[in-house]
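Shown below, as C-alpha cells, is a lone chain in the form predicted on its own; questions about how it binds or moves come after it.
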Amino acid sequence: MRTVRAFAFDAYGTLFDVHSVVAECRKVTPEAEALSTLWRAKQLEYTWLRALMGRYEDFWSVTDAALRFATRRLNLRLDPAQHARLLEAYLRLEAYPEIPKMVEALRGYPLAVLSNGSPRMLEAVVEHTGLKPHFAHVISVDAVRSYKPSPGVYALGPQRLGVPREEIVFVSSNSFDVIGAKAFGYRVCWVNRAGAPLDELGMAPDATVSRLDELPKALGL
C-alpha cells in the first residue's frame, strides 16, 4: 500500500453503533430491533433520494423524517415527547468497544470523521463517546449540501486534512460508502462486521477487517 499519511472515518455504523438506539426503542415497542432497522434503512434511503433530487436537508431532518416513517409503518403512535427522546438518542450513540484500542494504535496519524451527520449531531456524539480529542477534524456533508456517495463529499477529506486522496485511508462499515470512497480515489478499508457480500459495482476495498482494532495490522502499520 502507498504511504499512509492520514485516516478518514465514516461515523454511523463505523465508529458509532446506530443500533444502540434499541434501548430507547424498547421504551415504546416490543419490536425495538425492527424499529431500529427500519429507521436506519429509511434514513439512508432518504439521503440518496435527496442527493439525487438536489433537495438537501440536513441529517437531523432526514433522521426525523425516517423515524416518522418507521413508526407509522409499524403502527406506533408516539406522543411528541416519545418521538423527541427517540430522535435525541442519535446524539448519544455508543462507540464500538474496540475504538479506544484502535485510536491508540493510530496515534501520530491525523484522524478525521467524514460523515453524513449534521455538525450538531457529530459534535454531540464525539463528545458523548469521549472521542473528540482523538480527531483533528469532524467533517459534515453540510459543507457541500449533499450526501455520500457524492464525490463532492469525499473531496472534503483532502481539503481539510491537507493530504492527497491517495495517501488517506478511508474507513467505513457501509458497502456503498466503501465503493463511493474507492471510486473517488481513496485507499479504502471496509469494516465488514456482519460478513456481508460486497455490492456488485466493480470496485473493491484495499483491505477488509471485521473489527476496527484489526485495522493497523491489515494495513501493515
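Since the structure is predicted, the reported quantities are computational estimates derived from the model, not experimental observations. Residues carry their position along the shown sequence, with the first being 1.
The protein also exists as the form predicted in complex with another copy of the chain; that form is not presented, and the subsequent description refers to it.
Trainee: Work out which of the listed stretches, 123 to 131, 108 to 116, 81 to 89, 143 to 151, brings a heavy atom within 4.5 angstroms of another copy of the chain in the predicted bound form.
Mentor: Every other range fails; the passing one is 143 to 151.
Trainee: Contact with another copy of the chain in the predicted bound form for Arg165, defined as at least one heavy atom pair within 4.5 Å: yes or no?
Mentor: Arg165: no contact with another copy of the chain in the predicted bound form.
Trainee: Would Gly157 count as a contact of another copy of the chain in the predicted bound form, using a 4.5 angstroms cut-off between non-hydrogen atoms?
Mentor: Gly157: no, not in contact with another copy of the chain in the predicted bound form.
Trainee: Using a 4.5 angstroms cut-off on non-hydrogen atoms, would Arg50 count as touching another copy of the chain in the predicted bound form?
Mentor: Yes, contact at 4.5 Å.
Trainee: Please run the contact check for Lys101 against another copy of the chain in the predicted bound form: heavy atoms, 4.5 angstroms, yes or no?
Mentor: No, Lys101 stays farther than 4.5 Å from another copy of the chain in the predicted bound form.
Trainee: Quick one: from Val169, Leu35, Ile179, Val191, grab the residue that has a heavy atom within 4.5 Å of another copy of the chain in the predicted bound form.
Mentor: Only one listed residue qualifies here, and that residue is Ile179.
Trainee: Each of Leu93, Asp213 and Leu219 having a non-hydrogen atom within 4.5 Å of another copy of the chain in the predicted bound form: is that the case here?
Mentor: Judged in the predicted bound form, none of Leu93, Asp213 and Leu219 sits within 4.5 Å of another copy of the chain.
Trainee: Pick out the residues of 191 to 221 whose heavy atoms come within 4.5 Å of another copy of the chain in the predicted bound form.
Mentor: Going through 191 to 221 in order - heavy atoms within 4.5 Å of another copy of the chain in the predicted bound form - the hits are Pro197, Leu198, Asp199, Glu200, Leu201, Gly202, Met203.
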